[in-house]
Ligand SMILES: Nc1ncnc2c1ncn2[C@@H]1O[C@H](COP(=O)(O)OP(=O)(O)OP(=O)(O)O)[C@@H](O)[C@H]1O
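Given next, in structure tokens, is a single chain: the form predicted on its own.
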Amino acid sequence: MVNMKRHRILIIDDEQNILESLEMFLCERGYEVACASSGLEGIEKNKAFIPDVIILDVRLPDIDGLELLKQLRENNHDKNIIIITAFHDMDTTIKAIKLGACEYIPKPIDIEELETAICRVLKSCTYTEKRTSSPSDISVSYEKGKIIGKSGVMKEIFKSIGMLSENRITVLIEGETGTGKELIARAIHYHSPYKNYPFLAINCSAIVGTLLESELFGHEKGAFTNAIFTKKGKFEIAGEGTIFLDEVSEIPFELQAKLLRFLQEKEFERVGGIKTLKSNARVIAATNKNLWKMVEQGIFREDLYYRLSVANIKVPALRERKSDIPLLTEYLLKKINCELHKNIVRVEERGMKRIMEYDWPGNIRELENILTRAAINTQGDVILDDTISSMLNAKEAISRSIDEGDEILNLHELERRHILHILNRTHWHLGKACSLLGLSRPTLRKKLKIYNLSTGMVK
């Protein structure tokens, strides 16, 4: 691809081989290129060369790349800056995006991805609104419920979090159960200027319609049976904070009109009340269902759908980003160690391979559940392959039974058959069976008695 107009590109990176290879590649593509190997040199070259695009490394010998990004944007907030780094994580990505980076490319650099990014920023409108985040805002790190991932799709989600945290538009987060939709909502809130206001989460599927209306909007004393006092709703309590509506698809149709009015007018009445109240709470909604199909079926309001999905984040299933599984496993093990007072450092190599091969229909929540159960029954610092394989084999057997239309068994019969299968596999060695089943010896003996299992039985 040769550019008719010779756009100017400044590369700031302390690795000489990267400077030379990028300069050669971009010159062949018809760009004018200047290089700098330090932050101070980059500042001087920026003034003299006046580039259209700056390619900036995060790690420089004399100044932090994000600090340099901030300076460049403060001096000229129309600058198109592409961040490159070998240290790609959620916080760095969010900080870079909030400071005004147009793109974020991890090392080793995919040259086609970089070229696409350059073309995209040159074609798109440059940032025209100067960032107003203070240094204290920029340095905020949301550690609790940290989102883990370095795959391309997660990088895009991190960028979305960075951009959406700077405004208060309504966001719809779509994804299967267990993909971490609430974590994304919390990250948007806690990286925003309103992070000190409440984040209130409501599971719309867990509260019946009448009570849900009261939970959201509050009620007056005597509004219904047992309403013995006036109660403020979540929208009133949240103030400038965030309301997270999980499973928003489950909101009753008759209540959807009241939610729509709030999104349009930022006002509402308590149940049984006549006084109009106002709230500036931001709404972030999530669903594991296809809301548009529900609109087509007439069970979800079309106007509410459009109000909820001003911005949209689609969270991939874990099977669609398997490259993140090793990082997730490492992170979850650290979390599990804290909760269970364990010191597990890794999963055995064959067990890790088994984890990578499994499709994880329950997503990250299922992965954490399996690792927690395995950790409970691990005595050393390594979770063994047999422990992981036993659990996943049992899950797959149940899934196959359901998918293939086999006999549908109740949980007791499923457990009985699985225990018998493991006992026969271990030749009735109770110690090995306990390890594979994740049970203590007394518990196993109790179950043998309950299910009337004895040595020599064959499934």
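Model, not experiment: these values are computed from the prediction. The term rigid core refers to the most C-alpha atoms you can superpose between the two forms while keeping them within 1.5 Å. We number the residues from 1 along the sequence you see.
Quick note: we don't show the form predicted in complex with the named molecule, though the next part is all about it.
Undergrad: Tell me, please, which stretch of 292-300, 329-337, 231-239, 189-197 lies within 4.5 angstroms of the named molecule in the predicted complex when heavy atoms are compared?
TA: Result of the contact check: 329-337.
Undergrad: With a cut-off of 4.5 Å between heavy atoms, is residue 103 one of the residues that contacts the named molecule in the predicted complex?
TA: Flag for residue 103 set to no.
Undergrad: Can residue 218 be called a contact residue for the named molecule in the predicted complex at 4.5 Å between heavy atoms?
TA: Because no heavy atom of residue 218 falls inside 4.5 Å of the named molecule in the predicted complex, the answer is no.
Undergrad: Is residue 98 part of the interface with the named molecule in the predicted complex - any heavy atom within 4.5 Å?
TA: Close contact is absent here: in the predicted complex, residue 98 is far from the named molecule, nothing within 4.5 Å, heavy atoms only.
Undergrad: Would residue 148 show up as a contact with the named molecule in the predicted complex if we use heavy atoms at 4.5 Å?
TA: Close contact exists here: in the predicted complex, residue 148 approaches the named molecule to within 4.5 Å, heavy atoms only.
Undergrad: When the named molecule is placed as it is in the predicted complex, are 10, 47 and 322 each within 4.5 Å of it, taking any non-hydrogen atom of the residue?
TA: Per the other structure, none of 10, 47 and 322 touch the named molecule.
Undergrad: Of the options 378, 170, 92, 288, which one has a non-hydrogen atom that comes within 4.5 Å of the named molecule in the predicted complex?
TA: Contact check passes for 288.
Undergrad: Heavy atom within 4.5 Å of the named molecule in the predicted complex: which of 156, 166, 368, 269?
TA: The option sitting close enough to the partner is 368.
Undergrad: Using a 4.5 Å cut-off on heavy atoms, which residues of 239-263 contact the named molecule in the predicted complex?
TA: Contacting residue: only 246.
Undergrad: Given a superposition on the rigid core, I'd like a yes or no on whether residue 433 shifts its C-alpha by 2 Å or more between this form and the one not shown.
TA: Yes, shifts by 2 Å or more.
Undergrad: Since the Cα separation of residue 341 and residue 441 moves by 3 Å or more in the predicted complex, tell me which way: closer or farther than here.
TA: Farther: residue 341 and residue 441 separate by 3 Å or more in the predicted complex.
Undergrad: If the CA atoms of residue 353 and residue 431 move by 3 Å or more in the predicted complex, do they move toward each other or away, so closer or farther than here?
TA: It is farther: the C-alpha separation of residue 353 and residue 431 rises by at least 3 Å in the predicted complex.
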